[in-house]
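Take a look at this single chain, the form predicted on its own, given in structure tokens.
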Amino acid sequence: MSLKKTALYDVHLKLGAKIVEFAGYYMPIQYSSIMQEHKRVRTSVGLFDVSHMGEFFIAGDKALDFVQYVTINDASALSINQVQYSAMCYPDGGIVDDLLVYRFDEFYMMVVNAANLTKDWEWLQQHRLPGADMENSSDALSLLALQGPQAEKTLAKLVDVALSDIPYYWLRQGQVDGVDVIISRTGYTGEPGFEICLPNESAEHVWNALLRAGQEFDIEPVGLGARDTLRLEMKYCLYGNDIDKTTNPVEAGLGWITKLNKADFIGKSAIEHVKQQGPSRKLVGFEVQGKAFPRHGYAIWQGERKIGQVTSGTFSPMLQTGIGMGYVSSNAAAVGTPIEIEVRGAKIPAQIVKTPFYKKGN
């Protein structure tokens, strides 16, 4: 399969980005350094191209019924212009994907992970209800993420809507520098910010306008490398690492988005069973002692007993220590539990900690 390019591919090349293959796309992994870009988002503002994400629109008389049936959160609780974090599950409770559901006046939009775009679309097609019309607009739309403490002041220079009137996980339709867009107060960094959905043909114009508007705050373009370290400091799950078809929402710590009191949905009975029995393992966060840092797949030990494995790990730019996430046996998952991470044959001391790892003022 040939790799795709976002509408901003040439812009990234001009900015000197290091380009990598990711989820079927050529994507910028970094421009300056992951450490510098990470700290820019935490302290000021950064701009991401996340146009590899997928956008599906669902309309019709049965749109809500369909969204309710295929997702685990309660979409009926959404007001117009509200956004919801959710997931889709298989009948056995394994996770198809985690996603965002946007509610508009007469339709819904799902934003799904790039790596799962084709799989998700096929899954939805298989389970579509009569009266629910679907459109895959992923190839026609770009998605920009403006993240950081100065994101609102940057964007405010260019918009025709009052950003202060958009609560967390809500959206507005408006204009950015004259371009019709969807603006949502969402993100994957743990910082204040917005995600801007717009037509491909306007992506470069809006990207450049945002960089100009953020100059006084030393805005930088930010790649997928820092996106990963930022999300990990917040213990946000990454599909393919921390959640996948072998994990269920309860053990992944996503019980808070799983609404078992709503009508039947795919995976409901399996998830109910796990909740009633209690999961055999849990996704935890841990900090490593010393200079070593964990990687996906590393074994987690408690004495001579292997109790799990690392799903995501990195060196935290803000905490200056190794951090990670992993599944461990439920009887070893309590905060404060000492563990060891096997790094290249050596067992490195670590401890299960309360998350998110990074909190303002750390």
Partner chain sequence: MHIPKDLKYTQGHEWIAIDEEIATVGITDYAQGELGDLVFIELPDAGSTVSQGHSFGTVEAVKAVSDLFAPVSGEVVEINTMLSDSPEAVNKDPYGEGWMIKVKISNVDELENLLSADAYKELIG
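Positions refer to the first chain, counted from 1. Note that the coordinates shown come from a computational prediction; the quantities given were computed from them, not determined experimentally.
Here the subject shifts to the form predicted in complex with the partner chain, a form of this protein not shown in this document.
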Select from the listed residues Ile58, Val310, Val45, Ile34 the one whose heavy atoms reach within 4.5 Å of the partner chain in the model of the complex. Ile34
Among the candidates Asn81, Ser138, Thr247, Thr229, the residue which, in the model of the complex, approaches the partner chain to within 4.5 Å (heavy atoms): Thr229
Might Lys18 be said to contact the partner chain in the model of the complex, defining contact as any heavy atom within 4.5 Å? yes
Heavy atom of Lys14 within 4.5 Å of the partner chain in the model of the complex: no
At the 4.5 Å heavy atom threshold, is Thr314 in contact with the partner chain in the model of the complex? yes
Quick one: is Lys306 in contact with the partner chain in the model of the complex, heavy atoms, 4.5 Å cut-off? no
Which among 81-89, 176-184, 116-124, 288-296 is in contact with the partner chain in the model of the complex, heavy atoms within 4.5 angstroms? 288-296
Stretch 129-145: residues contacting the partner chain in the model of the complex, 4.5 Å heavy atom cut-off: none
